[in-house]
Structures are given as C-alpha cells and as structure tokens.
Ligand SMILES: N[C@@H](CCC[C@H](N)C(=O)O)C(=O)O
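Below you'll find only one chain, the form predicted on its own, shown as structure tokens.
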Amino acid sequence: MSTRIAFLKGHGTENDFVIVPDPENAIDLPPAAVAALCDRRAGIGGDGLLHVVRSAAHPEAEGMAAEAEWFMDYRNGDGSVAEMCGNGVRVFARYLQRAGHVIEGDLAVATRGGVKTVHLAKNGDVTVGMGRAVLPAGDVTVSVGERSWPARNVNMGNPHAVAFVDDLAHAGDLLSPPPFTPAAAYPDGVNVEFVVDRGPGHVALRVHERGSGETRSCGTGACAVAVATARRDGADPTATGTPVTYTVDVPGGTLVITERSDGEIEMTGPAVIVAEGEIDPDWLEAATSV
C-alpha cells in the first residue's frame, strides 16, 4: 500500500461505520484489514465497514448497474461479508450526498440483498425501501443462559430471529451469539433481536448482530421486529390492505418502520457523518499482517 486511503466515520442511530470511498474498486480490503479498521481500540472503530463502489466496477454488482450507480459493499466488524445493513444504507446515502454524487430526493443503492430505494428528506431523515420480509416456516428457539424463548424467523435479505421477552436485561451481555435451535434454520448464523413492548405500536429491542456482537442499532433487525410484532398482533397488511407502522426504540435512538399494503417495508431514521481523514497505509499493512 503506497498511498493513503481516504475514510469517513458515520452512524445511523449509533450503529457506526467506517466508510471507504473507492469508486473504481481499486482498494484491496481483505477481512483482516476490515477487522483492523473496525477495531475500537487499535483502529478507527465501527460495527461495520461501508465500501463505496460504483456498481459497474464490482463483480457482485455489475448486474445491477443499470438500476443503481452505487454499490454498498458491506462488511461486518469482523471482516465477514453481509448481505444488507439497513442503518448502513442510510449512512451510505448520506455519504453520497455529502460527496456531491446525489442530491435530496430519491436514489437507488445496490446491495447484496438487491437494489434498495432511498429517499433523502430535507429534514435530514433518510427513508429506505427495505423490500418485503420473508417468513420461513418452522419453529425456532433462542436461549440465553437457562432461559429460552420461541422466536419468529424473519428474513430481510439477511436472517433474523425475533424473540419477545419480559425484560431486555434477559438478553444478557450479548457478547457471544445467543444459541438457537434448530441449527439448520440459520446455517450461516443469525441476527437475534430481543423485544419488549413500550405501548401501542411501540416496541424496544436489543440485538446481537452476527459478526459484530451487540450493536446500538440494527436497521434490518428493526424491520424484522416490526413484522414479527405485527404478526403477533394479528396484523398482515397484505391481507387487510391496511399499512401498519411501529416505532422501534433501539439503544442508539428511534426508527419508524412501516409495512405497506403491498408488503414493502420502509424504514425512516437519521444518518450522520461525523469525521473524515486518511488511513496510514503502513499502519494498515502492519495491522493486516499480524
């Protein structure tokens, strides 16, 4: 690595990310490099990394280039690849706006979970069309210590297990992935949400994100929770033709999730860029070689 690499730092409801602009996909970011950058003590620190690439320049996204100019090449904090990150999409869009690539209004962002529609509002909020939830059949159970709960299996482009609990403290420290059964339900791991009721149309969650541990927020998780809560409450907009909206409190703030009558889910919340700078290539090379 002979030249310095630009980076920014941003967050959406305190789900924070290292942002690496790389329009032509010229920067090699192996898992070790991503993990080093996301390290909160020895690196920049983040729940994940947003690699900003033009769709046409990335082999996983070139097929979406006609629909979306930009591809969110998202990585978890441990360097592993993830399909989608709802908070990440909002921060990704905010970066594109800051860099002058887009303006207020609508845009499309390519992800491994498909092309997502985004709206940048004048008040600073960002709304993301998160697609439709898939509800795989079969019973799932999640556990913490000696407690176990039935969980709703919800796929938002990435897998979630949503468990309703009496107290969010029952989720434990969430440092390690909560065990689940059956193992075949999530062969590649799962994001686990623990949920309590706050009032009509209002819930709160804590989440363990696979590859990142407990995070302050999870956008796809908030969507999965809203869908699971709606079904628990007997609501299915695709059957009734009536949209449902839930306010979802996360440790880092609040998101508003709407499931429309066509099954499409919209997530609205803030997205903030807090800093920018350059990565020292010698440090990154040394950190990657450890």
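Numbering starts at 1 and follows the sequence shown. Remember, it's a predicted structure, so these values are computed and weren't measured experimentally.
Below: the form predicted together with the named molecule, not depicted.
Asker: Can Y95 be called a contact residue for the named molecule in the predicted complex at 4.5 Å between heavy atoms?
Answerer: Y95: no, not in contact with the named molecule in the predicted complex.
Asker: Within 4.5 Å, heavy atoms only: does F71 come near the named molecule in the predicted complex?
Answerer: Because no heavy atom of F71 falls inside 4.5 Å of the named molecule in the predicted complex, the answer is no.
Asker: My question is simply whether V195 lines the interface with the named molecule in the predicted complex - judged by any non-hydrogen atom within 4.5 Å.
Answerer: No.
Asker: Even though the named molecule is not shown here, does C85 get within 4.5 Å of it in the predicted complex, heavy atoms only?
Answerer: Within the cut-off, so yes.
Asker: What stretch, of 100-108, 177-185, 205-213, 118-126, brings heavy atoms to within 4.5 Å of the named molecule in the predicted complex?
Answerer: Every other range fails; the passing one is 205-213.
Asker: Counting only heavy atoms, which residues in 4-36 are within 4.5 Å of the named molecule in the predicted complex?
Answerer: The stretch 4-36, when checked against the named molecule in the predicted complex, contributes only N15 at the 4.5 Å heavy-atom cut-off.
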